[in-house]
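Heads up, what comes next is one protein chain in two forms, each shown on its own as C-alpha cells, labelled structure 1 and structure 2.
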Structure 1
C-alpha cells in the first residue's frame, strides 16, 4: 500500500487509542484497583482507607458464610450443567435427526427465554413458586399432591434447588441451538455406515453423534460454568436476596451484601478476588478434564 509510516500510525492511533483508553478506565483499572482495595479496610463514605494487609483474607478464611456461598455456586454449576446438557442434547438430537415438520416452531419457542431479562424471569418464577397464588402449589393440589406444596423460596432446604429450574428454563434454547449446529455438520455418511452395520439409534448416538459433537459439548459446558460462576448472583438477588437465612447466598450476592449493603468495600473486594481466582482455576481444570483427542473416522 502506498502509505507513509506516519500516516499508518496516525490511523492506528485514531482507531485504537480512544477505545483502548475507555477499556483501561472502565475495565482494567477497576479490576486492578479491586485487587488493591482488598488490602484495605474501607467503609466507602468516610475518606479513611486503612491499609490492613492480609486481614481481609484472614477474615475471608474464617467467615462461616463464605464456604456456604462457594458450595451454593458449585451446586448451581453442577445442577445446571447436568440439567441443561441432557435436555438440550435430547432436543437437539430430536430436532435434527428425526424429520419433525414443526421443528422450526420448537426452535423458536425454546430459544425465546434466552433473551428475556433475568429480572423478568426471576419475578415470574417467584410468582410460579408463590405459596398461595403460584402455579406450582396450586398445580400440585389440582393433581391431588397437595401434601407436596411448600413455601419453596421461603424454605432453607428448597430455596436453592428452586433457583435451578428457572435457570434451566431460561438456558436450554441457546445450548440446544449450539448442539444443533454441531450435529448438522456431521456428515450423513457416518450414519449410513452405522445403519449398514445395523446399529441402533442409541449406539449411533454414543458412537457417532456424541464424539463428533464433542467440541460443541465442551464449549457449552465451559460457557455454562463461566456464566454461572460470574453471574448466578443476579437470579439470587432477584428471587431470594440470599435468604432465607443465607441459604441461597452465592459468592456474588454475598459480595453485593458486604460492599453495597453493609459498606465493607475492602472485604467485598476480597470476596471479588476469591471469585476471580476460583473461576479461573475452575475453567483451567475443566479445559483439562474435557480435553479429548479429536475424533476422526
Structure 2
C-alpha cells in the first residue's frame, strides 16, 4: 500500500511525539528551570524567591571551594579514563585474541559491577577501606607493610585517590564489552596478513586493532568523561560526603550540599549551570582532540 506524504509524516510525528514530550519534561524543563533559579535567592521550599541578578554567579567566582571541586572532578576524569581504558582494552584483547575457553564466564564477572547500584558499590568499598577491619589495611599488615596502613577515607591526602579504584572497578565491564564488540568485527584476514609480514603481537595491536576500534574508544572516553562530570557526586556522597574538610567535594556533591543541605537552592542551581558549561566545553574539546580519519585496510 502506497502512503501519501501526509500519512508518512503523521506516522513519524505520532512515533516521535511521546519521546519529544518526555525529552522536554525531563531534560529541557530542568535545564531552563535551573538557569532561571540561578538568578534568585531561594531555599527550595519557600514560596518566596528573591531576584538577585548575577549575585549567585559573583559568589560562585569568589567561592574558594569551587576551584577545588573542579580540580577534584577533572582528577577523577583523567584517572578514570586512563584506568578504565587501559584495563578494558587489556581484557577485551585478551578475551578475544587469546581464545580463552572461559571467556563467557569472565565477561559476566567483569560486567557484574555494572549491574550493581553505585550506592551498593560505595558501601562495599567503605568496608574494604575500613581502617580496622578493611581488606586493604588487613592485607598490608599480612604482608608486613603495616606502616602503610592508613585511614584511607579519613585522610585529606588519600581520600580522593581512594575513590579512583572503586570508580574504575565499577566501569571496566561495560567498556570491555564495547571494545570486544569492535574487536570481534575486525576481519581475521588483517591479522593473517600481519602475521605473514612478521608483525609482533604488540605491532598488530597498534597498527591493526587500535585504529579499527578507535570509534569505540572515542565513544567510551566521551561517555566516561560525561558520566564522571555529571555523576561522580553519587560515590563521593556515599563514601566521604565531600570530606574530610572538603577534600573530596566534586562539583555535583557541592551542588547537593548547597541546595539540599544548606537550602541555598539558587546558588546550587548556579553550580549546576557551571557543571553544564564545563561539560559542554570538555566534550567539544575532546571531540576535536579525538578526531581521526576513518581507517580502512
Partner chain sequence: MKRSVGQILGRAGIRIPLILWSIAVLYPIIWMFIGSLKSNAEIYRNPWGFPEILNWQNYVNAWSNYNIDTSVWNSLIVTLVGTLLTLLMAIPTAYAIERINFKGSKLLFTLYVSAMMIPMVLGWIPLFFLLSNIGLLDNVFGLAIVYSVSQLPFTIFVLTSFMSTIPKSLEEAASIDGMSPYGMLWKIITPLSMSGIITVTIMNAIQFWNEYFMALIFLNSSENYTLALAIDFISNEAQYTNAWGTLFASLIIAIIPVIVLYAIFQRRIAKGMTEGAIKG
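Residue numbers count along the first chain shown, from 1. Owing to the predicted nature of the structure, the values given are computational and were not obtained by experimental measurement. The term rigid core refers to the most C-alpha atoms you can superpose between the two forms while keeping them within 1.5 Å.
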Identity of the form predicted in complex with its partner chain among structures 1 and 2 = 1
Core-aligned C-alpha movement of residue 287 between structure 1 and structure 2 reaching 2 Å = no
ask   = Core-aligned, is the CA shift for residue 28 between structure 1 and structure 2 2 angstroms or more?
value = yes
ask   = Do you see a C-alpha shift of 2 Å or more at residue 277 between structure 1 and structure 2, with the core held fixed?
value = no
query = Keeping the rigid core fixed, what distance in angstrom separates the two C-alpha positions of residue 10 between structure 1 and structure 2?
reply = 8.3
